[in-house]
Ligand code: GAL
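Take a look at this single chain, the form predicted on its own, given in C-alpha cells.
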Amino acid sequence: MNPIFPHFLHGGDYNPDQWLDRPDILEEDVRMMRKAHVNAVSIGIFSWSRLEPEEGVFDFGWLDEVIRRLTDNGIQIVLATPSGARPAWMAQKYPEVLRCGPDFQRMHYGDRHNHCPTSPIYREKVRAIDSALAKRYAKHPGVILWHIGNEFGGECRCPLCTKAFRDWLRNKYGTLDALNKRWWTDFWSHRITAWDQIEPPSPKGDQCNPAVKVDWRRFVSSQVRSFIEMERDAVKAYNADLPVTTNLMNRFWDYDYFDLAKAIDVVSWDSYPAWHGEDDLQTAAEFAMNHDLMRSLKRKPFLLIESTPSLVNWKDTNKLKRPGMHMLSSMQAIAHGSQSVMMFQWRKGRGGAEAFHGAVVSHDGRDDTRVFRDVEAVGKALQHMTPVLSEDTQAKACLLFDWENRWAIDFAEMGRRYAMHYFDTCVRYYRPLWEKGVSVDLRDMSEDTDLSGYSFVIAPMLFMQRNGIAEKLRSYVEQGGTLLVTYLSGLVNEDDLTFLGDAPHGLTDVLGLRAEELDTLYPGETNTLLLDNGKRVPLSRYCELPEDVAAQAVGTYGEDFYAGRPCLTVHAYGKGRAWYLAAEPADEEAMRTVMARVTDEIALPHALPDALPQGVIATARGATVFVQNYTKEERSVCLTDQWRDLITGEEKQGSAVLPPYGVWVLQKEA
C-alpha cells in the first residue's frame, strides 16, 4: 500500500480532541501505544468543530502537537477529512446542508452522516476544510494515508437532490418517451409527461415501480461517488502520491461498492462480527466472504480499518470476545488480504453514544487488562509477519455478486416478497468452498469483468443481467470453464424489464434446459433432492421447474406434483460444463452435499492437502497458510508437511493441538 512504510498497520481510531484538557492522558496514550506495538492511528474523523470552530477560522495548533507527539514516537498518521459530521454553526447558518428524509422533511442538526451530498454549500465547505488540511499536512512524512469522511451511507430527498435525480435521468434516457418505455409507465397510468413530475421513490409517493427504485439507488450511489471524488481531488491537489481511502461496511445495501471503489486508491472496511452466538462458523464464513469482497473490489489487498478489540455497544446483545478471538479474527482478515489490523477505538470517551463501545484502553486507563494484552499480542504477531505483506491471494473460484442485481431482487414482488435474501444466499454458496480451503474472488457484472482465469464460477440468483453477462458466461463455458447457475436467473434486463422468451435469458442452450415456473414453499415446508449417488438432500424456500431438459439429470425432485423432474443438472457445452440447481438446499449440510457433487471433478487448489476437523479452516494467502479454529474446543490437526508458525516460531508437523479460537500462520520450512 505504501512503500515508505512497508509494514502491517496496527492501531486504530484515536480521538485526542476529546482530551485536550488532559495533556497527561495524551502523553500516557503514546506510552501505551508503544507498549501495544501500535504503529498507526486514524485521527480527525469527527473533529470539524475543533478544526473550524467558526466559519473560516481554522485551528490546527492542537493537531500539530498531536501529530508531532505521535510521529516522534514512530506512530504513523492516517489523517481523516471531517465531512462525516458538520459543526452546529454550519447547520444553523446553512440549513440546506442537512438531509431531507423519506417524508421529504428537513432533518434537524444532530447525529452524524446526515449531510446532503448534492448541496453546493456543503461541498464548498468540505472542499475548504479538506484543502486547508491538505495544504498543511499532505507532505508531512508521518502522514501515510487520507481517510475520506466516514461510513458513507443513506440518502437525501431534498429539492436539490430531486432536481439532480431528474437531471441524471435526463442524461441517461435523453427523452421522456425513452424513460416511459424503459420504466413501463403505462402500468397503473404512471406515464410521465414532464421531467418535473418525477420525484424520488418514497413511502409518501411512488414505491411500486421497481425500475424507478433501482434507478434511484443508482443515482444515490453516483452522487456519493461524486462527493468522494470531490474530497479526493481536494486533498490530492497538494500531494497526488498520498493514497486515499474511505471505510466501507458489512451487508451494506445503499451504494454499489464496486463503483465507489473506483474513486479511492485503497479499499478499507469496518468489520464487526457477532461472535459467540449460535454458530461461530457461520459468522466466520460471512466475514471471510466480506474480506474477500473487499479484496475483490479493486483486486488488491485492503485495510481492516475498524474492528473491536473486545465488544461493541450498538448490537442488540453486546458480547465480549472470548480469549483467543481477537487474535483469530485479526488473522482471518490478514489471511484474506488485509494489510492492517486497526480498531475502534483506542481510548473510550467519557460521554456520547460510544462511551461504552469497546476500546484498547477503558475508562480505568490501565494497560494490564485482558483486552490490552490481546491487542499487544496481535501487534507483536504482526511484527513477525512482514514477509506475508507482499503475498496475494490466487483464486481459481469466482462468485458473481452484484449490487444492482441485489437491488432488483430486493424490489421484486414475487417469491418471498421483499425477503429473497440475496446476500445470505451468496454466503451459503461461498461457505462450502471456504470450508475446504478454496480461495474465492467476487466479481460483479461490470463491463471490465473477466472470468477467463477461473476454473469455477458460481452465479447465484442471477435475476438481473447487464453488460452482456450472459455472453460472458457462454464464452466462459465454451472455453472450458465450469459454471453453476441457480433458480431465479436471467429474468430481467438492466432496466428491470422482464425478458421476452425463455429463461434463463441467453443461457438456455448453455444449460440445456429452460426454467418455466418458480414454486415458493411456505416456512417449514420442504421438498427433497434425490442425487444420483443415492444421497437425499432437503430443499426449502424455492423449487423451480425446468422444462425441455437436454442436460443430464444428476438429481431429481422427490415430492409434490413435480416429483421425478430434474432439479440438479449438468450440460456439456463447448469445452466446458454448465450446472443448474433449480432449488435451494435447506441447510448448510445440504449445501455442502450439493456443492461437493458439483465440484468433485474440478481441480480447485486447496490451502492444505490435509483433512481438517469440523470447525477448523485453512486459508491460503500466497504461500502462507492460516489454520483457524472457530470452535470453543481444542482440535487435533495432522499436518503432512513441515511448517513453521510465524507467530510463535514453532515447527509444526504431524499431529498438533490447535487451542480454542486458536490460529497458526504457517510457512513451509525450506
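Sequential numbering from 1, following the sequence displayed. Bear in mind that the values here come from a model prediction, so they are computed numbers and not experimental data.
Here the subject shifts to the form predicted together with the named molecule, a form of this protein not shown in this document.
> Which residue, 81, 489, 247, 338, has a heavy atom that falls within 4.5 Å of the named molecule in the predicted bound form?
Replying inline: Exactly one listed residue reaches within 4.5 Å, namely 247.
> Which of these residues, 96, 155, 495, 270, gets a heavy atom within 4.5 Å of the named molecule in the predicted bound form?
Replying inline: Spelling it out, the residue with a heavy atom inside the cut-off is 270.
> Any idea which of 459-467, 576-584, 350-358, 529-537 reaches within 4.5 Å of the named molecule in the predicted bound form, heavy atoms considered?
Replying inline: Careful reading of the contacts points to 350-358.
> Any chance residue 561 has a heavy atom within 4.5 Å of the named molecule in the predicted bound form?
Replying inline: Result no; residue 561 lies far from the named molecule in the predicted bound form.
> Quick one: does residue 262 come within 4.5 Å of the named molecule in the predicted bound form, counting heavy atoms only?
Replying inline: Close contact is absent here: in the predicted bound form, residue 262 is far from the named molecule, nothing within 4.5 Å, heavy atoms only.
> So in the predicted bound form, does any heavy atom of residue 187 sit within 4.5 Å of the named molecule?
Replying inline: No, no contact at 4.5 Å.
> Is the gap between residue 384 and the named molecule in the predicted bound form 4.5 Å or less for some heavy atom pair?
Replying inline: No, residue 384 sits far enough from the named molecule in the predicted bound form that none of its heavy atoms falls within 4.5 Å.
> Across 312-334, which residues bring a heavy atom to within 4.5 Å of the named molecule in the predicted bound form?
Replying inline: Result: 312, 314.
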